[in-house]
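Shown next are two forms of a single protein chain, provided one at a time as structure tokens under the names structure 1 and structure 2.
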Structure 1
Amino acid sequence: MNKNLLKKIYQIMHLIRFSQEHLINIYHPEDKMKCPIHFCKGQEALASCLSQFLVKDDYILSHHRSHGYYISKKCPIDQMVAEFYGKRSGSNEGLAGSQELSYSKNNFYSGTILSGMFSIALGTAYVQKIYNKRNITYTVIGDGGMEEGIVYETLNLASLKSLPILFICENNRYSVHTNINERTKSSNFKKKVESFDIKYIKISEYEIESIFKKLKEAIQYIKSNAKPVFIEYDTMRTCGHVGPEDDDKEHDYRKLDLLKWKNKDSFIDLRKKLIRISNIKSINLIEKRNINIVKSAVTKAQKAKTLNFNTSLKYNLIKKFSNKVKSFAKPSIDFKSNQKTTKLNPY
């Protein structure tokens, strides 16, 4: 892979990693981000590689651990951080927080109830397909989400309708704190996915070049075959499930896993490689720029205002109609009391 491409990926990857670490550090002493936040430290690599393939009309529909994908879709950091602070300048004006973070201008959406977004991808991809747009819907789920029934309805429909979807399953082996082996006897996603006649690709490598190559293969397959692909990506979050706390200290639930993954950090690996093939100065420059972006976003969010409460109430149902509706007809009162009713048949 050429040096410039690796640098571009590193720029995104560092922005994700640093933003997570910085927010984790200030979350508690400050106590101003009062919402559940699922940090994605350790799981940045696939989102970073994906950033190099995305165009604006592609959709990303992500699970709750979404910040990496938000950043890979080039959504603004200022608005992400302000959203965590619950401010009007946030991407969702403070109404969604981290768990339902979205940025509609760039077709990025996320949500926390497991598997919903995985399934909503059917619709965006269906519209892309039937109106001949050459875009892809990317949807991200975790190994926990894969246990919901709607997932299998979705795989069936995606295959049946040959939809341009890249299903990404970030398998970090834990559903909150529960290991996958305690949740299922059949953790073999390959078998499940292939049973729906969907192409399955496994990414178990941690080096960026390998991840990038397999991602490229998946995207090319979707484009040339107009069919979905499912990627299972082995990864490990190196932060707690939710919030800034290191929940391994309290729960001690994955000591061996963390030990195993200590030497498989894609971020550190890429950084080392770039220093070797490029120079430390250019890496420092990328990092410095990212650090400024994140710190300035925090400062702006701290100073920002909160949304007016009455305005927030109006967002529930906005009474607007298509421009096909020029006016409303008056009610009719032709209908009288001598109406016959339907006599049902046995079936």
Structure 2
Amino acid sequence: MNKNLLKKIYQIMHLIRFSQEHLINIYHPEDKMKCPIHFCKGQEALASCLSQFLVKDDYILSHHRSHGYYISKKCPIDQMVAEFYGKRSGSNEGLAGSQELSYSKNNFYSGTILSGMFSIALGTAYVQKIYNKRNITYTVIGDGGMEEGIVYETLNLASLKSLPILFICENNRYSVHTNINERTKSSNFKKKVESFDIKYIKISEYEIESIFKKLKEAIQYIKSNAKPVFIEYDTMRTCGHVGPEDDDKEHDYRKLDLLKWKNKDSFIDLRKKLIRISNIKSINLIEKRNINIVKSAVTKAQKAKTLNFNTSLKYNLIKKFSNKVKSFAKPSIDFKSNQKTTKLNPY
């Protein structure tokens, strides 16, 4: 990989890393952000590499730990931060918060329902296929999401209909505080995925060159064969499950895992490589620009106004629909609201 490409990846990677660290640091001293936040510190590498392949008409449908993918899709940082503060200038006008963070102009969506966005990928990818688009739908879940039944229904249909989807599973081995070995009899995702005749790729390396190479392989396969691919990405978040709190201190649930990943930080590894092949001044310039972007976004969000309550109601009580909707079905059977309540006796 050439120096310029590595710098582009690092620019995104540092922007993700610094945004997470800065928001973690100011969350509680201020107590002004209006939602719980799932930070992604430590899991920036794949999203950073993905940024080099994305075009506007691609879709990203992410899980709730979505900030890295939001940034990789080149969605505006200031609107993301304003969303966390519950401000009108937020990407969803302050109504969605972190777990439902979206930016429709760039086809980026995330959702709080476990594995919910995985299934929605079927719809966006099907549209891409029937209109002969060359675009891809990227959808992301964690290893905990692999325990949802809808995942396997989705894999089955994606394979059956040969849909252009890149499924990404970020495997950090924990669902909140519970290790994968305590949750499931089989954690062999390769066998499960290949049972649906879907190409499976494992990324267990932490070096950016290796991650980029395997990601490129997956994307080229989808475009050449018009079939889905599943990537299992071994990673480790180095922040708490939710919020700025360090839940490792409270629960002490993954000490050995964090030690294992201590020397496999993709961010630090890439920074050291760039300093060797480039110069520290150019790296410092990238970092200074990112720091200014994030801090400026925070300042703007703090000063911004919240959405008027009556205006917010209008988003839920709309009076018009898409012109594709021609009519609505009418119920054929009236609901009997006065029916008796069933009361069960104890066994």
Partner chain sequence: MKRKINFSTAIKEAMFESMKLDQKVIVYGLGVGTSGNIYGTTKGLKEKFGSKRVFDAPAAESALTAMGTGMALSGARPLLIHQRFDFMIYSLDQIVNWISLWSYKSAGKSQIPITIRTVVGKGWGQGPQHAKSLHSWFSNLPGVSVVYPSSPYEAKGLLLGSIFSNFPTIFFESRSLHASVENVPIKPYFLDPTKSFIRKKGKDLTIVGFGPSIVDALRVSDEIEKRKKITCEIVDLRTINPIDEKTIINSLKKTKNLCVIEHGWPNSSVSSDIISIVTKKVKLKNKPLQVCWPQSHVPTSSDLEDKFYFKISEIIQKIEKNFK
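Note that the rigid core is defined as the largest set of C-alphas that superpose within 1.5 Å between two forms. Just so we're clear, the structure is a prediction, and the values are computed from it rather than from any experiment. Residue numbering: sequential along structure 1, first residue numbered 1.
| request: Just flag whichever of structures 1 and 2 is the form predicted on its own. | output: The form predicted on its own is shown as structure 2.
| query | Superposing on the rigid core, is the CA of residue 310 displaced by 2 Å or more between structures 1 and 2? | reply | Comparing the forms between structures 1 and 2, which are aligned on their rigid core, residue 310 does not shift its C-alpha by 2 Å or more.
| What is the magnitude, in angstrom, of the C-alpha shift at residue 322 between structures 1 and 2 when the rigid core serves as the superposition reference? | C-alpha displacement of residue 322 between structures 1 and 2: 4.1 Å.
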